[in-house]
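Listed next as structure tokens is one chain, alone, in the form predicted on its own.
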Amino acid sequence: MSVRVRFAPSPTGFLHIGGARTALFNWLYARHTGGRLILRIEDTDAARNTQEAVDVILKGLRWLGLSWDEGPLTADATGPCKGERGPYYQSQRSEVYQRRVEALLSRNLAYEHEGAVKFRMLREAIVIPDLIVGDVRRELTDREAQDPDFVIIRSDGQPVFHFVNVVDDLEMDVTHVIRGEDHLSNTAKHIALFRAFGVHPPKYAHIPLILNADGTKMSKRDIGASLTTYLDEGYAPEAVVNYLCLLGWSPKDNREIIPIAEIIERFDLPQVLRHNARFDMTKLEWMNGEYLRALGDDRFHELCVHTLAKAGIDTNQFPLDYVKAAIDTCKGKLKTFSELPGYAGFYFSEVGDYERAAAEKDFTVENRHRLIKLRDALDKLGDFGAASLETCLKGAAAELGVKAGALVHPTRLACTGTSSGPSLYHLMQVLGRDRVLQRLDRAIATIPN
């Protein structure tokens, strides 16, 4: 039988980074084995689940590039998800659960109790064969020994997680259940339910938890816990996928930047590490910077324009060549795209307030006279390319008897409003003679005589 795996999130507000990693490992295993990935939304808890939360999950999976293979066709035939199969919703499968409950009741494997339905749990230890953890023997606790039975249908008629989880895995022919190790404690109940239905359970693979850098359990309020953070902060999805792959899986050769095609080829469950993974935001930022540096120009331009638009900067108001030239000066300089508006916004708007500390340091009376000297030299310069601009500035500095830095810093501040950014000579080339002279004039006018 071919491999069939599933990702089954509960839509309760956001997509946790641990859930995203679970989805990724299922997707990798399906692609590695030529199997199929099923997306199933576990939304039987109507009081907690919302469509907005479902949309967050779907948006996150699409952003990561984790496509699923089975589900009903979406009603929407237009837009970016045209032709995509939607997920299965447990809230739409009540008839399936009712049929399975009746089957257990008819065989006395379940019984009614105070308006609910309880499953007759096995009165013996259960061994859980796990492809990652190894064999785990689950003994009954003292309390369970008195009454190991558990509710599968609440008194309000709603099925519980344990029951619908098993029924859907059975009905959807799931062969491997790859999920977080926190679910290991549930697995004995699930195995007992599979046996009650007269079928062999799927193979289980419980992957290690993701912890904070200090070893504490990552909660939804911790930095980096929500996948939405990475969409909002301008991370490259390729970098986030690469980093998540290394949280619990090792290629055994200490490499860190690995193309996804190679990861798919090499990924297998026996390589998943046993110990919990620690989330390192600094490492992720480094990796993201490496990915941004390696992006092709078209992809880099596309993501930059999208980021600037989110920040309210309409690049359509500028010539395409100008926009591309401006963006090119930023490549290799960013750790995340969220840095871009502050790093390169000066290309697309007039300089407003100058960075205070830099202005106090660089906009001095002495530097005012130096900027006037440089401004006159730039006005007479024939070629306004980066190399000529560098020669011109250094020549002006030599005539003034100062080092080039004495002109570089106030000139950068005049042109950009900040003390850091792209290469000065290249940004001046992109801005062009008229903008540079205009900004130097404004800066000179602000410096007292």
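For every residue, the number given is its place in the sequence shown, counted from 1. Keep in mind the model is a prediction, meaning the values are calculated, not measured.
Missing here is the form predicted together with the RNA; even so, the following discussion is about that form.
Of the candidate stretches 346-354, 216-224, 169-177, 318-326, only 216-224 has residues with heavy atoms within 4.5 Å of the RNA in the model of the complex.
The three marked residues, 33, 266 and 373, fail to reach the RNA in the model of the complex, with no heavy atom of any inside 4.5 Å. Checked against the RNA in the model of the complex, the residues 294, 273, 199, 377 give one hit for a heavy atom within 4.5 Å, which is 273. Shown without its partner, this chain lists 91, 250, 229, 364 as candidates; in the model of the complex, only 250 has a non-hydrogen atom within 4.5 angstroms of the RNA. A residue is said to contact a partner when one of its heavy atoms sits within 4.5 Å of a partner heavy atom; residue 189 meets this definition for the RNA in the model of the complex. In the model of the complex, no heavy atom of residue 111 sits within 4.5 Å of the RNA. The RNA is not drawn, but in the model of the complex it has a heavy atom within 4.5 Å of residue 408. The shortest heavy atom separation between residue 55 and the RNA in the model of the complex exceeds 4.5 Å.
Along 278-296, residues 278, 280, 282, 283, 286, 290, 293 each place a heavy atom within 4.5 Å of the RNA in the model of the complex.
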